[in-house]
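In the structure tokens that follow, a single protein chain appears in two forms: structure 1, then structure 2.
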Structure 1
């Protein structure tokens, strides 16, 4: 991990390390006490700083949260990357979908924070969809897109006039995201065989995209 801190001056390295310590503390507080207990003072206490000292590293609490969310998206992507890519295409899609849901269930507050931010960076007017955060290398969506592409090449998914590859991936994302969201919020206390229901949902959407 030290290796990543490139050819920076000692000062810049310390700065980056403290910045990361702030983010780690924030993440730990969110995980241990929930997002509503995340305060500048709590972060400062945990890393032996004063609240005011944090403003040397981040402009505001919002910026800290935004940075935590970026790391969260990277982490989510990495979780999905643990699924063996040599699985049969449809099974692969199912598994990365389930991994997405599992991530949300293991880190409900974190996940909720990541997908509740309404203050996104506004895209410049003329930008295409590739410019969007969704298509970043850190995002998890490209994995879905690539999975759908592979399934299509294997002939297991039929791209029709009414369902492009992009739209197929969007549908998959939506159903998986909807399940994750509902299960960590509205359906948290619902007694139900979710393992079964989730698989059924994924099978249904897969069948709907089959030739």
Structure 2
């Protein structure tokens, strides 16, 4: 990031830093108060800027939210990338699932926003959502897809005959995402050893997909 900034003119660097300050302020408001409290005025007050001045950087609150969501997906991907890729395939799938859940627990309002807003641009006729968003460079889904493919090639999991690798990856994602959503919403105050239960659930799913 610093190398990229060094290639910019002083004016462009100031622009990029103010733009990032806007996004940081938006994230802080979402984390502290929830997404419903986010507004152009709240962001402007947070960075001591005029609300009208924000429009030089973003055309609307919705554009800011979309940019925040894109950053969120990048951070989620980075969290999952901390899992060593040379782990045995099934263990790798378990660990990236647990990393996904940990990210949600550390960033509940952020996580909810990411999956209730779309950061994808309007698609041209015939363009697929998968190519534009799920397989985007900022998305964490390709990590799961590659993990499923690796486990299948190793003969360690065998999706049912009617399921493609993509569909099997979606099935695993849906389960992990459901656990994450329950943890940060309905079950957030429930006293239970969730860490053990989450690991047991993901390991059981992997065993259930074994040939």
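Only a predicted model underlies this, so the values are computations on that prediction, with no experimental measurement involved. Rigid core: the largest C-alpha set superposing within 1.5 Å between the two forms. Positions refer to the first chain, counted from 1.
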query: Of the two forms shown alone, the one predicted in complex with the DNA; finding: 1
query: Is_shifted residue 194 between structures 1 and 2 (CA, 2 Å cut-off, rigid core); finding: no
query: Between structures 1 and 2, how far the Cα of residue 17 shifts once the core is aligned, in Å; finding: 2.7
